[in-house]
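In the form predicted alone, a lone chain appears below as structure tokens.
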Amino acid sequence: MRDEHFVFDKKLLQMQTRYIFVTGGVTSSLGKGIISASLAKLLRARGLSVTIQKFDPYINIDPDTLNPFEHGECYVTEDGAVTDLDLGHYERFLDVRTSQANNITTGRIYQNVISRERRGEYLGKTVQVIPHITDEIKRNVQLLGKTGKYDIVITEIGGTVGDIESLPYLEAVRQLRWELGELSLSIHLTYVPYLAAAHELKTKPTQRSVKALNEQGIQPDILVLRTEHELYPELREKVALFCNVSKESVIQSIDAKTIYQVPLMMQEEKLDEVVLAKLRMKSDKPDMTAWTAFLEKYFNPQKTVRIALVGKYVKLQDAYKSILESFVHAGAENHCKVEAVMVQAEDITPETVAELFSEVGGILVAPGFGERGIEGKIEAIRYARENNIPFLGICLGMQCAVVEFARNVLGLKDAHSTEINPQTSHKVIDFMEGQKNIQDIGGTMRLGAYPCNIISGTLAHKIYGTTQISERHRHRYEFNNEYLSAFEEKGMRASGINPNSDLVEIVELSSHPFFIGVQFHPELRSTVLNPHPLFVKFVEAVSNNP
């Protein structure tokens, strides 16, 4: 009878969702998101259903109102959530769509708890960090797992162990480790510095970081050590001994030439095998054939192309992370390397434009908000249009293309948007009521995935190969349809239309080798194994441009 129960328990255990918690120590920016995504990729390659979520310790409800210089790009999910850029890594690695549930902030946690308190749901009890805040964190951690869709849920805890902001999350993880038992494990990412003067790798920061985690009641099961030099066996043994983990659980994460090498490096280190053994799970061997083929093309390009990325936040490349990664995906697909030339929009004038773009084969005008840099973007688009340089405009980039065409082809010299010039009689870009009300910043936005019908025989149709698509949005302004016929008479065609609202989604020039602007954000859908067709065809056009 005892053996029968044991067999039943093992089967039940195999069916239950497992939870992996990833924390970081010593310093920030070690790459918890990349390690989490790489592990998830390996587990998915074994046939397991995996998702990743990010818990951010800042008090903003979401990064929607954060300056890109402060936080990098905002990543938008299919359901319209504005999230941390790490979710972009998750999607690019896994080819799995994320949602609002995949990114939680301290602000949202407190907002939920305070809202419940105001509704009287705590029945007059004193609301405290423990248990109310930690219970809300635990509830959110398990939301995705309780859907029944996933074998494994990986939760990345933002910040660094020792930061005051992360304490409630670590307490919640401690409680969940106790409650979930063998259905969970902890991975801690640390840094092993190399002292050049002593010619020696130092493990003390790792020991201190693990001790700080122990003080929060969490013993890591696996340590991933970021390093610039190979970890020799004696060092691994020392870390294992002083940090209470097995030698096999000390994983090296050495610097890579590209983040897309990391899954294969983690496979070599047997991270996925160690995780599955500790979680008592069985799976198929990982199939990384397609991933390896991508890296083969990435490392062996047949040529190099240079594309100017025109934006307002070019001093921080994370502000355009998804666009830059889309260049990588599309470049490999075209057997070429894309060298992105970052051009500050405010530096572009009629006097400087020719020199700034003299050595690039294509121009991409990036998204953005506000008036700063608008005139430079418009000048860059004029130069691309008049000189037959392949052009791709995204969101504000498309709107600037419309304004440029209205001014310089239609002759509407005062053409602009309602935001930049409310008094103009030619508001070719107009404010439109969006789908999500952003009350705190006094506006509305169209957020998330929306359908688009593409007109047959257009460049857009050639690119997508279909007449019906869905793309993600994040903007407040739309093309003013009152001017549509005037634009089309002069050669700028609306080749993509929202079927529910008749809003213009795509504009293009048939007289140009490659000139297209899109209201949406195609970069948010590009992944390693499924590069976005707009970027693929744009890079192809640049590659073929004499």
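Everything quoted here is computed from the prediction, not taken from an experiment. When you see a residue number, it is the position in the sequence shown, counting from 1.
Heads up, the form predicted in complex with a small molecule isn't pictured, but that's what we're talking about next.
Exercise for review: May I ask you to choose, among S326, T190, Q399, T155, the residue with a heavy atom within 4.5 Å of the small molecule in the model of the complex?
Suggested key: It is Q399.
Practice item. Find the only residue in F487, F55, Y477, F515 having a heavy atom within 4.5 Å of the small molecule in the model of the complex. Key: After the contact test, the surviving option is Y477.
**Study point:** Proximity to the small molecule in the model of the complex (heavy atom, within 4.5 Å), stretch among 200-208, 285-293, 77-85, 390-398
**Key:** Going by heavy atoms within 4.5 Å, the stretch is 390-398.
Check your understanding: Using 4.5 Å between non-hydrogen atoms, is F369 touching the small molecule in the model of the complex?
Key -> Result yes; F369 sits at the interface with the small molecule in the model of the complex.
Point to revise | Partner contact for H521 in the model of the complex: the small molecule, 4.5 angstroms, heavy atom | key: Contact with the small molecule, yes.
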